[in-house]
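Coming up are structure 1 and structure 2: the same protein chain in two forms, each one given alone as structure tokens.
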Structure 1
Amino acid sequence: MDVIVCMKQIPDLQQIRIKDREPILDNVPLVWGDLDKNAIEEASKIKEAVEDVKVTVVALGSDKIEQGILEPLAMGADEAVLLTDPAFAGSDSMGTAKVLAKAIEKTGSYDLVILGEGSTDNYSGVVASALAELLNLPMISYVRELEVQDGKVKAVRNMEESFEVMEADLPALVTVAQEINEPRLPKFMAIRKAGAKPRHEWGPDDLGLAADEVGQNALSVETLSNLAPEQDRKNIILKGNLAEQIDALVDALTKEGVLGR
């Protein structure tokens, strides 16, 4: 069985600084999306539970992926497809889905495609839905429990008012929620051996796409501005022993007019 996992590298959100409301991304290290790590973890678990599973990671992004890809390979992927051609830079969600779909088709065989319920930075969920449409796959989103057996996938998904148990025949696409598993920290030797696993680097030509059909040239959404909201907090840490701190807090809250109404 062939399992495909789509993963995105994003800037470490906790390290983004805001200056004059602009996010400063220079030198912010790249990390894999949180939920994408849940996705690769789930694929590895399937591989451990079911015979003859091959897991392929597909990632579109900057050339930093070349280094970062060791992590998912060490977590259990067998192969990686790197879509780091500069022509892909600046892809929006629909553009990303288009390239991912071509790459997944090119891998030859896919029984189960796993994505995160949302990317950690965008959290739009658009990529998975568009990809399912492009590959014409049944889709189950927000999955918190997954079972793959006898050519079927059974999943519990977490909705507002209920947990839905859903079933589909393979091939299928699922997106996972954070609570589905606890991603492993790969061991050193696994990371080291990951370096020897096969990688494919495909550009637009390899995927039968023209350069003007991808990346910045194929945007369907335009971002007019992207600024941090104004934040003006008092940042007062109350001092003294606990009783003094509590007195000061209650005092302050009363003066602010937010207590005792």
Structure 2
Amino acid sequence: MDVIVCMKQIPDLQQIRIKDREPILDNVPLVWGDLDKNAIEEASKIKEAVEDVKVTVVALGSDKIEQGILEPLAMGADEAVLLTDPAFAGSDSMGTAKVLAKAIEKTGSYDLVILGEGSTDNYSGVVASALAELLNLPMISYVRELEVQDGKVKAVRNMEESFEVMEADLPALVTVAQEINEPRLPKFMAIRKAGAKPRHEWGPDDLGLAADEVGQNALSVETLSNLAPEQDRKNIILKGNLAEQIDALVDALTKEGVLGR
């Protein structure tokens, strides 16, 4: 059984600074999204529970992925496909799905494709749906429990006010929610062994994609602006003892309409 996990490196959101309402991404380290880690963890759990399972990570991003890929390999993946060609840079959701679909098809065999329900940075949730359509696969989204058995995938799906139990024949695509598991921290020996696992780097030519089908040349969505919310600081300083500060705070919040009179 072949399991494909699609992963994406994103800027560390804790280290992004905002200036003039625009994010400053210079020198911000790249990390794997939280939901991507849930996806690779679930694939590793399937590998431990089912015989003869191979897990392949397909990662799209910059050349910095080459070091970061050690983490999912140490978490249980058997090999990795790195899509780091500069031509892929700036892809929108549809462009990303097209590149991933070509890469997955080139792996030769896939029974189950797993993604996080959305990337931690954009969280559009579009890539998985587009990918399922391009690969002609049934899709189950927002999965919080997953079981693979007898050529089928059975999932419990989180619908906020209720849960749905769904089943699909393999091959299939699923997106996982954060509740599905707790990603493991790779042990030292697993990290050392990860360095020897196979890694493949594929560009547009390897995937049979023309220059006008990838990256900035194939954008179907135009981003007009990406600004942080405006923040109006009141610069109110509370003075006096604790009781006086509390009274002043309550008075200030009442004047702002946060508290009722």
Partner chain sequence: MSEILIYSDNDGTALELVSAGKEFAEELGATVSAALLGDGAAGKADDYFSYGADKLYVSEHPALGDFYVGTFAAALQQIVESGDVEFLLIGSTKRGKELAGRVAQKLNAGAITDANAMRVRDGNLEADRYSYGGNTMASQVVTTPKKVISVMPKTFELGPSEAKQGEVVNVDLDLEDPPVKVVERRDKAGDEVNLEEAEVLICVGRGVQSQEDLAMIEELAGLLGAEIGCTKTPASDWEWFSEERMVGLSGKKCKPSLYISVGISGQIQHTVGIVDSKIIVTINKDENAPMFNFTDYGIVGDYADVVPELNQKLKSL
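Throughout, rigid core stands for the largest set of C-alpha atoms superposing within 1.5 Å between the two forms. Predicted model, so just to flag it, every value in this text is computed and none were measured. One-based numbering along structure 1's sequence throughout.
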So which is it, 1 or 2, that shows the form predicted together with the partner chain?
1
After a core superposition, would you say residue 12 shifts its C-alpha by at least 2 Å between structure 1 and structure 2?
no
Residue 25: after superposing the rigid core, is there a C-alpha shift of 2 Å or more between structure 1 and structure 2?
no
Following alignment on the rigid core, what Cα displacement (Å) is computed for residue 249 between structure 1 and structure 2?
4.2
